[in-house]
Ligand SMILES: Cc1ncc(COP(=O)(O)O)c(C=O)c1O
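Heads up, the chain below is alone and in the form predicted alone; it's given as structure tokens.
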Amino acid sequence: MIYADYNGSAPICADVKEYLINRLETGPFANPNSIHQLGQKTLMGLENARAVSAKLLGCLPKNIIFNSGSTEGISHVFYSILTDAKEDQIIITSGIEHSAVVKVCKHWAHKRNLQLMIIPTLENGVIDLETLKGWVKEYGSRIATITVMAANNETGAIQPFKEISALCADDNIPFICDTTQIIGKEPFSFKESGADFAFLSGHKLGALTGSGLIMAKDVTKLKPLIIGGGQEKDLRGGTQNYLGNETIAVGLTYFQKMSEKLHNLREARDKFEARLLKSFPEAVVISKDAPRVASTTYISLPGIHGQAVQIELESQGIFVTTSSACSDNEPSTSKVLKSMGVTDDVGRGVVRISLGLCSPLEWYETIGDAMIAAYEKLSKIKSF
């Protein structure tokens, strides 16, 4: 079996598996908020995970609030920033954001009667920074927040998030950056990013599903979305998922240990794409000319349906997807591709291949063989 959908969810990584086996055998298991010895020992493990995660993410332990993942974090931050927004203020976002951001933007725009503005996307999948600069200059203090992701989950295109951070800082505009798809795939430092808020989902980097965190430059800007017993600095109620949070620290450590392989992964990815383009010159690699995370290929052979390719590959034990996991069952061109001006002929044919640092590089050869065979077979069917 070849699993090539790391952007959807990474398998639990080897170090996390080993850690969990040992952890489950040795304990402790207790409420980390209890004052007895087992509770305090569990709390020490939780706080160690916070400290390790903070060091590897380029922030301080006080900047981290553990939660269930990026979707919760996004809802929490938008609630904190926009619950008191004045009518007719502006939310600026992009057309390539994850549905968790898209829906929360629409929710608050409707709830608070805010204006929602969408930054245009260039053909390579990167947002139009010059347009954004013009809007900041024009609207200034009316802007309640700007939110742009760091890397796109479909195309892998890396956005100019550091430049956006600097732009927002100059005008004192809160910058919310969805970093879900860059952490664990490329080096990332919260401090260097300049963002006011960023997010992590454990399952994207080989940690346990249902674990995650918010990185906040100033946690006093957060308001509790889940009211509870005072956990997480009284900002996220509910007994902490301490085992899940511990695996985040292990997963981040694993990425740091393996990061020297990023160059090899990128090189293998590029050779894989070149091979497909040589065999099928009419094929399109989405965002090929943009900076991308090393692990992602998003490719289409115009006129060949992506789901048909996906089925052909799955019959050989190769698991890919056609877009993001949240829209994989939609037969139409994704909103991300539409924002880039991609036609339906190309957009309906996309297949996303995303691997991890632990993936054998020879998988690209096997996937390439299977995709070439699938394209040849489906092209013949199409010709009748």
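Numbers for residues come from their place in the sequence shown, where the first is 1. Just so you know, these numbers come straight off a predicted model, no measurement behind them.
What follows is about the form predicted together with the ligand, which we do not show.
Asker: Glu246 near the ligand in the predicted complex, any heavy atom under 4.5 Å?
Answerer: Looking in the predicted complex, residue contacts with the ligand do not include Glu246, since no heavy atom lies within 4.5 Å.
Asker: Check His98 for me: does it contact the ligand in the predicted complex (non-hydrogen atoms, 4.5 angstroms)?
Answerer: So His98 counts as contacting the ligand.
Asker: So in the predicted complex, does Arg292 come within 4.5 Å of the ligand, heavy atom to heavy atom?
Answerer: No, Arg292 sits far enough from the ligand in the predicted complex that none of its heavy atoms falls within 4.5 Å.
Asker: So in the predicted complex, is the ligand close enough to Ile74 to count as touching (4.5 Å, heavy atoms)?
Answerer: Yes.
Asker: Within 4.5 Å of the ligand in the predicted complex, heavy atoms considered, which of Asn153, Thr121, Gln159, Thr297?
Answerer: None of the other options qualify; the answer is Asn153.
Asker: Which pick from Pro32, Gly356, Gly347, Gly69 sits with a heavy atom within 4.5 Å of the ligand in the predicted complex?
Answerer: By the 4.5 Å heavy-atom cutoff, the listed residue in contact is Gly69.
Asker: From the candidate stretches 195 to 203, 279 to 287, 217 to 225, 299 to 307, select the single one in contact with the ligand in the predicted complex, where contact means a heavy atom within 4.5 Å.
Answerer: Among the candidates, contact is made by 195 to 203.
Asker: Given a 4.5 Å distance limit between heavy atoms, list every residue of 157 to 180 close to the ligand in the predicted complex, or none if there are none.
Answerer: Residues within 4.5 Å: Asp178, Thr180.
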